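What follows are structure tokens for two forms of the same protein chain, given separately as structure 1 and structure 2.
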Structure 1
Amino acid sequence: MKNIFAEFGRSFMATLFFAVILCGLYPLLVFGLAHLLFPRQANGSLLVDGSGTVRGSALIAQDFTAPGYFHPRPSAAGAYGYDAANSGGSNLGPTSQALAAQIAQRLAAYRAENGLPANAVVPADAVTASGSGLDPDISPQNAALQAPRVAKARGLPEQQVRELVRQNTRRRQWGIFGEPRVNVMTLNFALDELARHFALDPPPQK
């Protein structure tokens, strides 16, 4: 009997003692090292504009609907999508009628926006919701189909937009891992920065 009480007392002490080290000192140590070595990442890879306002994170998608921006993947996060405090996917299964209807609707919208024929085959990432609902990346094929629309809406030469897409494309990491992809957040941010520079400092007239 005495042993039983001793073991419970020991369990209680162990919980508290380990908590101090594993839940207190360990996260603080990681916090210290992270802010010493990688402060930008540890704070969320935030995108800050010229006026010092936080406009988002390079890793977290926002919704874009205007023709002058590249559009991210559809999102099922939160009630209105792209809710960065409420991540998640649609969790609709392969034989879901609701999912098939959503995809049909997104296909029609995507073809109309980008001037594609009514039976055009569309990249899968453009019409399916991502797992997190915050996927900042689209496939290079998807970006290539959107580039002419963005160039036209912004009055930029298509070549220049394609060059920006190239700069915001990431290859397979170390040539091995993952898939090639284009980051919509940094790309759209760069498009706006470009516009702002032109406004402040127009190109010299000939």
Structure 2
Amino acid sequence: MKNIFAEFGRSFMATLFFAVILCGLYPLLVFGLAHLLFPRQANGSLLVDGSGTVRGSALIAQDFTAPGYFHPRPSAAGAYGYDAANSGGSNLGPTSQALAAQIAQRLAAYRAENGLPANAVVPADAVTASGSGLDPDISPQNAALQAPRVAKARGLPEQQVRELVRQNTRRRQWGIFGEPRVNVMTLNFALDELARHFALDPPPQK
């Protein structure tokens, strides 16, 4: 009987020890190091405008539909898409007729809104949703096709808009992993900040 209680005692102490280490000290250490070394990422990669208002996160897509914004990938997250509380895909397979109909509809809409011919080649990410439904990135090819529309809607030189696209393009991780991609959230944020800058500091009158 004494051996049983001794085993219970050792088990309890071991559980308590690992609970303190793994459920207390280790999370606090990771939390502290993250805020020390990567403060922006640790706080959600928030996008804060000049007035101090949080506009979103660089990690989570939003549904931009106005012509003066770059549009993200389609989303199946939630009933209306882009629901950060209901991340997920459509689960429609490659043989799904519903998926084929969705893609055909998205193709027509994408070509129409960007002034493309009916036979224009469109990147896959422009008409297919990501697995999470919240992917903030699009391909550089997708951004390039949208640039003329955005420039025209905002009254900006197209080259200036393309330069913003370049600045918000991420290269392959370590040069080998993944594909180049453009963060739509930071790109649209940069466009709004550019507009806000010109509103606050108009060019001198001649």
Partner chain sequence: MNPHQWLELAVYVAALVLVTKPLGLWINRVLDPGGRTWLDPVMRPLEKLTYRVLRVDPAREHDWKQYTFAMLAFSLVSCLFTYAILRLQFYLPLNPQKLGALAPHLAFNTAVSFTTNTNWQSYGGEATMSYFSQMAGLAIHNFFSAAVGIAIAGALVRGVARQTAETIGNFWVDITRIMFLLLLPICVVLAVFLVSQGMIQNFKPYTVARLIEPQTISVQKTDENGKPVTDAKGNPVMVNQTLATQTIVQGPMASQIAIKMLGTNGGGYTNANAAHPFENPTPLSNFVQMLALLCIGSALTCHLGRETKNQKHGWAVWTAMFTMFLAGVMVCWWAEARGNPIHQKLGVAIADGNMEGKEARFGIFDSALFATVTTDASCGAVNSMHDSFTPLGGLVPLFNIQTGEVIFGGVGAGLYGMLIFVILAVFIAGLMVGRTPEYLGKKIEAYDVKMVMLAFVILAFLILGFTAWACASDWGKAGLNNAGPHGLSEILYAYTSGAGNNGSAFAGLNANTPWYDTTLGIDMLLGRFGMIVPLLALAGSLSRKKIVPASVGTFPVSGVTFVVLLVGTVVLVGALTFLPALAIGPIVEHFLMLQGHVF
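Take the two forms, superpose them, and find the largest set of C-alpha atoms that agree within 1.5 Å; that set is the rigid core. All figures in this text were calculated on a predicted structure; none of them were measured in a lab. Residue indices: 1-based, along structure 1.
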For the form predicted alone, pick structure 2
Post core alignment: residue 32 C-alpha displaced by 2 Å or more between structure 1 and structure 2: yes
Between-form comparison on the rigid core puts the Cα shift of residue 11 between structure 1 and structure 2, in Å, at 7.8
